[in-house]
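Below, in structure tokens: the form predicted alone, a single chain.
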Amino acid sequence: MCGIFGCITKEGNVAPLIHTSLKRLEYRGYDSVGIATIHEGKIHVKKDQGKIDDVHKIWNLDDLPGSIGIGHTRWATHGAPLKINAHPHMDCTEQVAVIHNGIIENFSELKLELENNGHNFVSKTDTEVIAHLIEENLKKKPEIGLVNAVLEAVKRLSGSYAIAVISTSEPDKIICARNESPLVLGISENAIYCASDMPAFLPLTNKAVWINDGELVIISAKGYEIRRIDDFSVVTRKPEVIDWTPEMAIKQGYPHFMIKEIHEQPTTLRNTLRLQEHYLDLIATFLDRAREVFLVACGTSYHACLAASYMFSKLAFLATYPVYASEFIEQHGKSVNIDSTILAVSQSGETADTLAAVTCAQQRAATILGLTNVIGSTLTRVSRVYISQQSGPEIGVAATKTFTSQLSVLAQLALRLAKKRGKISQDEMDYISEKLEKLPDIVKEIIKTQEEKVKQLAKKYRDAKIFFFLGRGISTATAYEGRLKLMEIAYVPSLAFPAGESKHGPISLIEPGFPVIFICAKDDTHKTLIGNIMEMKARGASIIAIIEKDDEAIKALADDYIEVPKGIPEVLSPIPFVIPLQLLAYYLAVEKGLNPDMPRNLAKSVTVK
């Protein structure tokens, strides 16, 4: 999500080099920027909210002194996009500076402990606890040195992190560590670099050392040393020569951002499981008190809301009303009131139709709750309570990791609400929670085992003129989202219906070879769905089924099938079942020679009504 960069150079001041390297990380998305260097026993810091060029005009990022330094571009997850929350973050003595990409799950507990020990926090970020932990370790045992102080600090962190630390106590070193967030070193004759992505230093060197999870790195002008965090044993790893172009490096070797972001979903799903429980509980409390709840969104976010309406109903016995934001004012504008609650969902937090619906509801005294990916967006400012989906910047126009991240957050809200309302057993809640925790690995397995099969399906159906997407129950939302992706990216006309509605008109379109995609979760609708498949097959349709592994009943009917792992609870099924549909849309677009990252007539954030 954030971009980090550190450098030790043998020649000249490092600040201009950090500045230009951060510019090369702008594609990651960010809301603030900062640089820290060490010179003559002091840490010098310049940082602010805003774009790099704007901050540079105000503060001149290039005139920081020193040959060692760290820099950061921030995508807010904890704390608004303000100067005080921008990285680097310092300890109380201003002798330690830290930059961080990731999410620290247990920062609240650590912060309380450190505050009780006399530490003064100035930001609202999770990152600042790292600087104070290092300070505390050095204060208690000065003899252990910076490396061990950082080592002991990261051992106490739960969550994801790639960090870079500098300190006046050892001003010739940068200490880095990684867990579930990317980190790579660049090696040249006159400098050593650390970064979240290789594009930061690619024009300076093509020699790279990839750092793995659970590793700590000590960088000095003499070279680098890698150690395992758990036992401090030495890791030997030589630089690799990378022949990527800058464009390939930005996409981490993938041909398009869309496929890169599809592959990022195991990571983004893990991040959604690191939400602050306080805010989940707050939103659940407001939903529990409401007389009526509207889930308001557009496009992909609306499909997430549609799936959530099934989640809230089945887990919390709460009726909710998913509504297209563009229709909300006409459909419900006069009826909402002080007893109404609006949960608005928008990746950007700036979707014009969603904000118009929110404004209308606010004027009638309704309670506004928000789910977004951009802290500081308009939606976060107008919401009584908001929560971040924590999926990081999404560059591809077609929303992929946005959809699965929103579903994960909404499922967690439904579970919280179920617990408050006491409508399902603790055993069932525990089972669903356990499966939710496993979804990142399940999605990773689907991509690993089914991607090649989806590629072959794309070749087989590349000339199809139209597709049907059919599902029952919560899988209806999955069908709608699969249809949307195919239309957005491959420009193939597509229709999606609840499968039970297909015989009320749509089935008249079926002729031999007509491709019909069924989303076949193993739930209470399974037997009825088999009947719908047989209806289509009897009229000559080509049946493409997304099924649970070893679903022999549907395998026998399908012309083609894609398998997902068994045992996924019905309310979570849209997350794994949508992955093959995302891949199908992508590979069909590629087969047609289209650019999936730049679909015609579409924009990432629709800010006009």
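For every residue, the number given is its place in the sequence shown, counted from 1. All of these numbers come straight from a predicted model, not from anything done at the bench.
Below: the form predicted in complex with a small molecule, not depicted.
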Heavy atom contact within 4.5 Å of the small molecule in the predicted bound form, the stretch among 331 to 339, 505 to 513, 396 to 404, 188 to 196
396 to 404
At 4.5 angstroms, heavy atoms only, are 32, 77 and 85 all close to the small molecule in the predicted bound form?
no
From 268, 476, 301, 383: within 4.5 Å of the small molecule in the predicted bound form by heavy atoms is 301
With the partner omitted here, the residue among 484, 138, 104, 153 that in the predicted bound form has a heavy atom within 4.5 Å of the small molecule is 484
Can you tell me whether residue 348 touches the small molecule? I mean in the predicted bound form, with a 4.5 angstroms heavy atom cut-off.
yes
Would residue 126 count as touching the small molecule in the predicted bound form under a 4.5 Å heavy atom rule?
no
Residue-level question: is residue 488 within 4.5 Å of the small molecule in the predicted bound form, judged on heavy atoms?
yes
